[in-house]
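As a starting point, one isolated chain is supplied in structure tokens, in the form predicted on its own.
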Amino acid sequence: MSTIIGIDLGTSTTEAAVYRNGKVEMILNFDHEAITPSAVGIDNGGNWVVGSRALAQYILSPENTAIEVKRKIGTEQMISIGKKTYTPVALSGKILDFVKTYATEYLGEDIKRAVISVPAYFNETQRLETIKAGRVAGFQVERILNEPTAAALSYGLDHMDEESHILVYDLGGGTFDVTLLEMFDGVLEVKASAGDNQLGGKDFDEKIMDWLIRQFQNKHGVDLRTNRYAMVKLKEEAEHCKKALSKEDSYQILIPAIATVNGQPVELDETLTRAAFEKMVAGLIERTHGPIDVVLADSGISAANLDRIILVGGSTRMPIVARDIEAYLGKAPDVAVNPDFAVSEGAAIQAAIISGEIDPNEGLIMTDVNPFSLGISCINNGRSDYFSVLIPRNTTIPTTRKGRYYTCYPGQTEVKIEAYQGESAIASHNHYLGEFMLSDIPANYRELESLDVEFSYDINGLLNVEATVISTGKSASISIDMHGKTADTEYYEDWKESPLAADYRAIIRRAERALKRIEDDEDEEEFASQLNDALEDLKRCISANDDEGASDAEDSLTSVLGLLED
């Protein structure tokens, strides 16, 4: 079996690890570092740069660089780099391609398989787009693993005889997750997860930036928000300040010539104390309490019954985090894992279980939960678009749940079953998963027909939804792969997400138009086959980020088009 690596694709940084020789090992990048900044850009020569080079470039050329891409995964937002725009999937794929390249060199073999971690509170769109990013990079994504669960795996590997309730508090660069797990007899059972996908170290940095902007405007009457380069410097210094205040009582922020006032360069010079910083971020810290309350309530485990609280994510190094947890839960957190590496280590352990490097019969057994409720749209007490939950959030999977429903009016002969995921009582406000029709319902004009709808969700992420007419046994169903595994033919449609896509859209559109024009013409059947093969070859190369291969495929496609148009 080929090696499977574990990847923590983070908002601020990305790490990769591998399990070999009986232990987890961090994979070092080309700078011989385990931590790679999640930054990507294009240099002056038109070449892609990723990691520390991209982050350094961001200071001088922010318009050609992107950071914190993870926060936009699952949205329609495009990201501008230079004169082009890219999807979050495309740029995340570029970061993962960099990981694939340095992992291949570090391990001395072609790495094609990975387990990639995501925040526990990512919805299915965000998870599927993370998988797409992995495919864009050329990875076969074996599993999407919740970050707090990964951290618990990292801890649990060396504590398999322990029986305990563990709360994993994961505050990263862009997201916050909290997960409660139970360990017993080598079993790691997830009891509940909750979180906030818009809370992380970035938000703490922005509090410092806002303060600096106000201070400067009060002194000099200049709003630094209008100066993009000033904002980049402010962000850099705000992050340095935050990290420094984790160890020191105060920090001086000095940025020479940050702006011009009356034709003269003006510096920014401010000193921020830890006490003042903690006061300005108190509201952000308080936002972590809600997900903690949800997890305790959903799991049925009180704070008094927690045995360990594990901190994960670089932002947990702020002293206010540990103090707040102890005050809120009555228990001090443990320094039981490395907050920077625990998630990637856990992903590597999961990878080793999948590959057989760790025997699941002798090592950890892990169960998980669905982070969001699953159900269907129906009419309830005259209310249409009602979300009827069949599998509540934080239900241990695998599981099967069934509900009894009825047709809406006498004589109704078919129903549409629409599946959703989320917590809103209004079905359409949740995440749409799929739909199917159940037909041939008896046209019973005297009473309503009854139907059973059954949801089955397995450990591999496959959700099966089946509806059955009680009176006849007639049924219909749909299978939804919540981990997004698709056939190879669909894989090539991911070409649109690749950073190379913009360079080849015109030739692909031209070929698709030509193919549509001749597809029903028997005299052009041979050309149609050649054209389709050349088009698929180009899409395949783009999907794999193979620039050289795509260029060759473009030449072949151009040749076929030339013959056709002659």
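What you see is a predicted model, and the numbers here were worked out from it, not measured in a lab. Numbering starts at 1 and follows the sequence shown.
The same protein has a further form, the form predicted in complex with a small molecule, not shown here; the description that follows concerns it.
A heavy atom within 4.5 Å of the small molecule in the model of the complex is found for exactly one of P88, G134, G195, G174: G174. Put simply, of V337, M318, V469, C378 only one has a heavy atom within 4.5 Å of the small molecule in the model of the complex, and it is M318. In short, of 240 to 248, 150 to 158, 179 to 187, 72 to 80 it is 240 to 248 that has heavy atoms within 4.5 Å of the small molecule in the model of the complex. Interface residue remark: K202 is counted as part of the site for the small molecule in the model of the complex, having a heavy atom within 4.5 Å.
In the model of the complex, at least one heavy atom of G314 sits within 4.5 Å of a heavy atom of the small molecule.
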